[in-house]
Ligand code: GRF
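A lone chain, given as structure tokens: the form predicted alone.
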């Protein structure tokens, strides 16, 4: 039985692209829907180029209705992946996809997580604190920012000469290498 993934993304979609490419010819798993809260997000172009349906949401649709669940039924969505999606997921959606929704965070949680900690803000905080290592955390989604059970972490060194930009590149390499494989393992485990 094929598993269908919905990816939520707010930006360029580099992780979404890696996931799409990874599952493009997979026998049992497919990316079936891309959801974004920004109508001009480049991730939507990536979806269109790959023939994947898209859904652009606004706050009212996401927080005041449960309409997205009907859309997920339409596309047979089994699993939700947050890949650079900056809104807190509402309780009804967390409950509907309990233990079937993951997020990737560009640091080693519980450090440098929570509301407002995303992208370059995380890498700047890592640099400012003098950390010797950072990395990625893939975790289950609950009703708090960056708080669900950790599924996977990978680390990289932070060198004294590293800038937030060079840290971001190292972390992105980890994301691209590990995120699709972790998704696959989660979807293939009993």
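Model, not experiment: these values are computed from the prediction. Positions refer to the first chain, counted from 1.
In what follows, reference is made to the form predicted in complex with the named molecule, a form of this protein that is not presented.
*Asks:* Out of 77, 104, 109, 89, which one falls within 4.5 Å of the named molecule in the model of the complex, going by heavy atoms?
*Replies:* Of the listed residues, the single hit is 104.
*Asks:* Determine whether any heavy atom of residue 166 comes within 4.5 Å of a heavy atom of the named molecule in the model of the complex, and answer yes or no.
*Replies:* It does not: once the named molecule is placed as it appears in the model of the complex, residue 166 has no heavy atom within 4.5 Å of it.
*Asks:* So in the model of the complex, does any heavy atom of residue 180 sit within 4.5 Å of the named molecule?
*Replies:* Residue-level check for residue 180: no, no contact with the named molecule.
*Asks:* Any chance residue 12 has a heavy atom within 4.5 Å of the named molecule in the model of the complex?
*Replies:* Contact check for residue 12: yes, within 4.5 Å of the named molecule in the model of the complex.
*Asks:* Could you pull out the residues of 77 to 101 that have any heavy atom within 4.5 Å of the named molecule in the model of the complex?
*Replies:* Sequence-ordered list: 83, 84.
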